[in-house]
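Just one chain is shown here, as structure tokens, and it is the form predicted alone.
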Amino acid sequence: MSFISYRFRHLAAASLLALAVPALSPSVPSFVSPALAADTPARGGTMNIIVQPEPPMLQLGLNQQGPTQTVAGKIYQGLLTYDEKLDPLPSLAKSWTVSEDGLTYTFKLHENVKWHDGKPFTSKDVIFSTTKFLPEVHSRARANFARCESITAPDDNTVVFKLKEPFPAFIRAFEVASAPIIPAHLYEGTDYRNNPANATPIGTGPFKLKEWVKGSYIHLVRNEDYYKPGLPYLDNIYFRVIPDAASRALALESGQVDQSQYNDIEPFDVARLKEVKSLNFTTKGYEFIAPVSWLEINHRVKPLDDKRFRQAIMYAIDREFIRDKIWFGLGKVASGPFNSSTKHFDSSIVPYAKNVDKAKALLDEMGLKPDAKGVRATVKLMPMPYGETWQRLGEYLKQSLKQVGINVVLESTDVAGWVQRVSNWDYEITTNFTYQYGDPALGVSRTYVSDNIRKGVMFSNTMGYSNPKVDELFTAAAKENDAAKRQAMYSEVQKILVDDVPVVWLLEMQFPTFVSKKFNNVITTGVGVNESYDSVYLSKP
């Protein structure tokens, strides 16, 4: 980007900002003081956070899109949350035990918890959520709780999950977006998807919905009946809807908003904003979701069905260049299917390095000789319609694969069209990324096991990849209680997948989070910006 276009972009953003960021209400203080060091927590203050795109709804059981998770994570709660090493921490459950055989999980709930409408929270709500509501509307929760032989409540503050067979990943199935607890008294016996309560979500979290002005802001206020004494500290959280990327960056830089997360800030703006003295920068807080990006390849299309062709693509591209020049250093080159922050990652796996000669040799071996124009094969690439950076990646891949004789035809689509085409297998190559949810049995295996080849279902095995040994290892490892044996199985499956290259792994993605230095205790767990924020506080002026 030239200096002139860069300046024009930000001058244009300044003129749009008044429209993009609604005027702060009188109850929302405008902070202009310099950053202050952390001090003793005190109640009071308002935090303004970007949300983009605007959530379609805030009923977290029905919708788990990123923006919904960030907002609704302050309204709803799960039984557990997780630290950056993915070990469980209390949330609605204050303690838990797991039987020696790995079959029985017993949770003790906090007492005196109330829903935002004043009704008491009890084990009945957990039973309803995990046996009725979530199995009907939440695909990941459905799969997790289907492993239970029984879910019972000996009393109002105890819930017992008895599994049909061991499933060590089960302890990581209780984060707020994976298993939000829903009020039984509002939903039992109703049409969940059309319940009027969906418009005014009622949770147990530290903040309650006060007002949602569509296209402008979502206003949350302190839950005065929150069960943790003295918490939350903040009076208000405003989630500001700012559709324009340049305006988001300017709002953050000028202090009109206090936080950004995920893809709010384009990678090319990150370096500049890191120099803003009033802001803290981190890539922590995404350990639980552990996103990995890749080129998703339809194995039903020739020559993409040949692993040598997929290996050739691996060797033809420079993933360090992709990280450094397209994502501006945000990320780590992926060695294979497991993010390095996910349990059972094998650090001995060596990433593919760019090697044009190896790529050409593999294509020669396949009999794909270059024609008079140097073209060996033509493939269609449909980049994710998720912003400028993904389009730049598509252009880079077109140029890079041309070096080895693979002609790339770029296709464009909108988000709805992209989801429809990929989920229905109507593509050749696309870019994609998925979350791993802390354990390979929860977020990794779903991409590669053959029983998850489900037409019309996004983020399943849409490639059509099938390897019986991979199926066998993922199945066995998921129910193995012995940690060493489980690691051996997952190490073996990683080696097989890295050789098969069912997808072309690109980066372990890192999302930039910027937070005003006026706020403390913001990123405290591996769930990051989707946390409850009950302990976030504003420094005293």
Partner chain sequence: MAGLVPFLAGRMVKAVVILFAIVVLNFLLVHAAPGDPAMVMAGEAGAADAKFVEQLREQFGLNKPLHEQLMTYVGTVAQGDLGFSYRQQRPVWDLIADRLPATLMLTLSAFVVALVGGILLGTLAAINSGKWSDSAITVVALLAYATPIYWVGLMLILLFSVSLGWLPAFGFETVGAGLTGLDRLGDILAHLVLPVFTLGLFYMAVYARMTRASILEVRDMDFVKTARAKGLRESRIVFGHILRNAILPVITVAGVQGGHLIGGSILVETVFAWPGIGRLAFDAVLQRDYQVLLGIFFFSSVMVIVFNILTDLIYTLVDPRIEVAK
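What you are looking at is a predicted structure, and each value in this text was computed from that prediction instead of being measured. Numbering follows the first chain given and starts at 1.
There is also a form predicted in complex with the partner chain; it is not shown, and the following applies to it.
Three-residue candidate spot Ser341, Phe345 and Glu428; no residue lies within 4.5 angstroms of the partner chain in the predicted complex by any non-hydrogen atom. Heavy atoms within 4.5 Å of the partner chain in the predicted complex map, among the stretches 129-137, 312-320, 375-383, 277-285, onto 129-137 alone. Within this chain, Ile242 lines the site of the partner chain in the predicted complex, having a heavy atom no more than 4.5 Å away. Within this chain, Val419 lines the site of the partner chain in the predicted complex, having a heavy atom no more than 4.5 Å away. For the chain shown alone, Gly44 is not a contact residue for the partner chain in the predicted complex, no non-hydrogen atom being within 4.5 angstroms.
Using a 4.5 angstroms threshold between heavy atoms, Asn112 stays clear of the partner chain in the predicted complex. A heavy atom within 4.5 Å of the partner chain in the predicted complex is found for exactly one of Glu165, Asp101, Asp414, Asp451: Asp414. This chain is drawn without the partner chain; in the predicted complex, the residue among Arg193, Arg300, Lys369, Lys210 with a heavy atom within 4.5 Å of it is Arg193. With contact defined as any non-hydrogen atom lying within 4.5 angstroms of the partner chain in the predicted complex, the contacting residues in 244-259 are Asp244, Ala246, Ser247, Leu250, Ala251, Ser254, Gln256, given in sequence order.
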